[in-house]
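First, one chain by itself: the form predicted on its own, in structure tokens.
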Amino acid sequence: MTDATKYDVVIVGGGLMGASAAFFLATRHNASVALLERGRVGAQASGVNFGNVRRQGRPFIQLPLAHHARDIWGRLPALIGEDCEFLPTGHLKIAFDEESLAALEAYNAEARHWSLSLTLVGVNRLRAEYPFLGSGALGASFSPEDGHANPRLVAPAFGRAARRAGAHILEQCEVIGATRQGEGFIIETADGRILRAPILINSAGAWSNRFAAGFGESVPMEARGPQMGVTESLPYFVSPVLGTGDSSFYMRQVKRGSVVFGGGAHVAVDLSDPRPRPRPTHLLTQLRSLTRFLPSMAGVQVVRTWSGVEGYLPDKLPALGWSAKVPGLLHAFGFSGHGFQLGPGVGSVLADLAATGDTKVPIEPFSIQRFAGNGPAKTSPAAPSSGGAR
């Protein structure tokens, strides 16, 4: 074996989680770090998702992590030198039936105990403030500090900032083996590199479970592909992100005028050939929802549709934190279609864990240990005793 290059931390997977972890390790902790990405940084789920920077609607136990991430989103220009088109436009969840409205009201009442301030919007105010909405809406919940960003920009921006801070960002660099030996890990790549580090971060997205299985820690994760579309450019008229409470449809308009939309059924994914194709029948369903939300969109041209690859766990919560079996191994995967907003916060938490062994953000409910025979984690525990965001 040739001499291995030594690092404090090696990261496998260059999505938003891995790229931001590399950035915070290099800048906050002055750690030597290598990020290994099989393709290009941000080219998989981190770059093809909807771009929602949304806290409302999340399981309450995710909110401390989401608050931590939201603070970073607001400081992107100061941290990495780019805003990544993040716009805090607000997020409006709309109810079209009584059951959905009751669910929004119940969530709104509990959210305040988790430091998330939401506003219920009655039907008359909804019609007055959002006259472009179609008829049939009974009410909505508005989260004023949520918004959206351009997913194609964020992970690469963190990767560039990490590289400027001294991190080694290695693209087109596939990992073919990783073992725990002595006090650390030995990682081998397809191009002949050998790296050694006491800490290894597994943030390889939908492929992370294969990596975890190599360490005897497989979880019941399923790969799925969301379906998105974008219209031709239109005059800018929709500021907040719009969506239903059950995420069957969501949409946003970018400043350049295009309307991005998604939601509903997922495309099946084969990880050995991860190129999921959008389904025309599902596009028709999405277009019916689009014109239900915005009748003026009837006849607008859809210029592109796409899908990607995401990892889903049974309880829709991520596997985040230390391995339950292998010292020095950190996991961050299985975000189940809700990872984009959390991404910078996850990277920050991973960096703190890798450098200090601890984090101030509560992540215990996301331990991979919950799949070791104890059943899935509960999603509605008691609220924190204090009102402060953790």
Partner chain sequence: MSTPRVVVIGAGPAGTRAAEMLVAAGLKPVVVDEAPRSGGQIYRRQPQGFRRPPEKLYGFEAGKAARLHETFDRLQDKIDYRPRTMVWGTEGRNLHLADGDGRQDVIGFDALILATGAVDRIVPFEGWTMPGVYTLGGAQIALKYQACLIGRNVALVGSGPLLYLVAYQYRRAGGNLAGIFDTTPLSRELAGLPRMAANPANTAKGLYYLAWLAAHGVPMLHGVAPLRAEGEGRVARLVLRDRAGRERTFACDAIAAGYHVQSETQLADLLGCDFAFDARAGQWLPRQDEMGRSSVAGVYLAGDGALVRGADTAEATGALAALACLQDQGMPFDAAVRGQALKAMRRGSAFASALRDAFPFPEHLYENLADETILCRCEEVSVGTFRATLRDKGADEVNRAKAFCRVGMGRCQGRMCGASAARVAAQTLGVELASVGRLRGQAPVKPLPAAIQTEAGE
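Residue numbers count along the first chain shown, from 1. In this text the structure is predicted, and so the values were computed from the model without any measurement.
The form predicted together with the partner chain exists for this protein as well; it is not shown, and the discussion that follows is about that form.
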{"item": "Contact segment among 138-146, 112-120, 280-288, 310-318, judged by heavy atoms lying within 4.5 Å of the partner chain in the model of the complex", "value": "280-288"}
{"item": "In the model of the complex, Ala43 touching the partner chain (heavy atom, 4.5 Å)", "value": "yes"}
{"item": "Proximity of Glu217 to the partner chain in the model of the complex, heavy atoms at 4.5 Å", "value": "no"}
{"item": "Contact test in the model of the complex: Arg304 vs the partner chain, heavy atoms, 4.5 Å", "value": "yes"}
{"item": "The partner chain contact in the model of the complex: Ser258, any heavy atom under 4.5 Å", "value": "yes"}
{"item": "Contact assignment for the partner chain in the model of the complex, among Leu87, Ala223, Leu126, Leu153, heavy atom within 4.5 Å", "value": "Leu153"}
{"item": "In the model of the complex, the residue from His168, Arg160, Arg180, His266 that sits within 4.5 Å of the partner chain by heavy atoms", "value": "Arg160"}
{"item": "Any residue of 226-249 that, in the model of the complex, places a heavy atom within 4.5 Å of the partner chain", "value": "Glu232, Ser233"}
